[in-house]
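Single chain ahead, by itself, as structure tokens, in the form predicted alone.
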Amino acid sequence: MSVDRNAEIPQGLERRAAKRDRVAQIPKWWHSIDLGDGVLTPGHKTPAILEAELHDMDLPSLKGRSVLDIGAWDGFYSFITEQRGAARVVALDHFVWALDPVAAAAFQRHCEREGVVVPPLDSVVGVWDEEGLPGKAGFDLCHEVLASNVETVVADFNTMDLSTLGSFDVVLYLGVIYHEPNPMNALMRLRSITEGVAIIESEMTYFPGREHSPIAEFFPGAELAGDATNWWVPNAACLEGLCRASGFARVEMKKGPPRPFASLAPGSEAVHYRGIFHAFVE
């Protein structure tokens, strides 16, 4: 039977248009995710940024392994680990998924105009919605379009019953630790569900001349990036020490301070960068 290939073109165009329309209905995208048919979500993190992150992250072989993605947001890393052969992937989030991104942005602009400190967004009526989960819409769309088998858990990692999660070969803890008021407690909980390696990506600080001293900056308000949920920003020695004190056997720094930092004069002001660490159980 002959096939009219030209007949497939309108269907493909219609499918692409439908995907684009649905993507456009999501008011805020954090990750750029390929949905097929030439459709890419317009994430704050571009494909180039995510490709560089993946390279620096140096993910281990995932074939047949279990993965937990804490703070999944739109789910880029959940879906990519599934595509790389992980047998089980769990995407866990709570804070971002329960925020209404449009209302949150409007409220923050209002606070800026009024010259007042932005309060915790999970306390603001009309911004925080644990029932509707408006911030999860992007993840749900990608999950559906990609026909993904990633499991979803809506819960606060710091307060949930971790026994309901089980344990995982690989745990992704990306862009989370500096949002933790109590990072030591968070890392102890992280260790309790890690069977192999926890991959930690974080905002980091570098104190010229104090590289070997475990130090962290504390931000009591919204001094860092205008975000009142940014609390502690450690240096490399501090984060490594926290991981070991939390029960991890060894820690490898995969991405440390940029080389130019080494030329800064001791006593210069602290500077920031993004660091990546692998914390191993054995």
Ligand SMILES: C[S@@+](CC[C@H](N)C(=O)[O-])C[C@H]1O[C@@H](n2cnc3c(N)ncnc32)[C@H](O)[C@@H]1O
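Counting begins at 1, following the sequence as shown. Not measured: the values here are computed from a predicted model.
Below, we turn to the form predicted in complex with the named molecule, even though it does not appear here.
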Q: Identify, from the list Leu146, Leu92, Ala104, Leu133, the residue with a heavy atom within 4.5 Å of the named molecule in the predicted bound form.
A: Leu92
Q | Interface residue in the predicted bound form among Asp169, Glu82, Glu203, Glu180, criterion: non-hydrogen atom within 4.5 angstroms of the named molecule | A | Glu180
Q | Location of the named molecule contact in the predicted bound form, chosen stretch of 68 to 76, 108 to 116, 203 to 211, 190 to 198 [non-hydrogen atom, 4.5 Å] | A | 68 to 76
Q: Please run the contact check for Lys255 against the named molecule in the predicted bound form: heavy atoms, 4.5 angstroms, yes or no?
A: no
Q. Does the named molecule get within 4.5 angstroms of any non-hydrogen atom of Asp156 in the predicted bound form?
A. yes
Q) Is there a heavy atom of Ala137 no more than 4.5 Å from a heavy atom of the named molecule in the predicted bound form? A) no
Q) With a 4.5 Å heavy atom cut-off, would you call Lys45 a contact of the named molecule in the predicted bound form? A) yes
(Q) Within 4.5 Å of the named molecule in the predicted bound form, counting any non-hydrogen atom, which residues from 24 to 51 show up? (A) Trp30, His31, Lys45
